[in-house]
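As a starting point, one isolated chain is supplied in structure tokens, in the form predicted on its own.
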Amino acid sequence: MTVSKATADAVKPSRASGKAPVDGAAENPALQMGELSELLGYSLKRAQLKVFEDFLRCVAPLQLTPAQFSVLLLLDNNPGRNQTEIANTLGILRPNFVAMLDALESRDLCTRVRSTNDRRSHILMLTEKGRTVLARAKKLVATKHEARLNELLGPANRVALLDMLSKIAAEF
């Protein structure tokens, strides 16, 4: 593993004790990231956290998480699908999805109905309140959150980033 000079300097032992300084902030105001800043996974996660923070701020009046918003969007575009299909499409584990549905149902945003074809399965439907909340959320996301991202990236970079992320999602 190659260590940059800045990283090596940040962890260089002090002359007095022969150990790295305990309070490195006194000597070096910023932590040296080294190879971490060059790892795609780390950079994707950091970007995701920032994007989620902004999303949560934008839809704060509606108290929706990105996952809940995704569920409502899928239910709106795929009425009558079962909860396993929705959870699998979004990559949400069954116990987590059941808890999320409980929360959405308690807010009267969606409803579960036992399937007539398979009594072990539940069909998911948006309620009228769910459609109203989703419409407000879509407007907030489009006019604030996505608009901010589009301004930051520009149209060409936005399309390129979506293409790259789709490629990663399809291959892993």
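These numbers come from a predicted model, not from an experiment. Sequential numbering from 1, following the sequence displayed.
Not on display, but discussed next: the form predicted in complex with the DNA.
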> Taking 4.5 angstroms as the cut-off for heavy atoms, does Asp118 touch the DNA in the predicted complex?
Replying inline: yes
> Could you tell me if Asn77 has a non-hydrogen atom within 4.5 Å of the DNA in the predicted complex?
Replying inline: no
> Going by a heavy atom distance of 4.5 Å, is Val98 a contact of the DNA in the predicted complex?
Replying inline: yes
>> Even though the partner isn't displayed, in the predicted complex is Arg112 close enough to the DNA, meaning a heavy atom within 4.5 Å?
In response: yes
>> To verify the annotation, which of these, Lys129, Lys45, Lys139, Arg57, has a non-hydrogen atom within 4.5 Å of the DNA in the predicted complex?
In response: Lys45
> What residues of 60-93, in sequence order, lie within 4.5 Å of the DNA in the predicted complex by heavy atom?
Replying inline: Asn82, Gln83, Thr84, Leu93
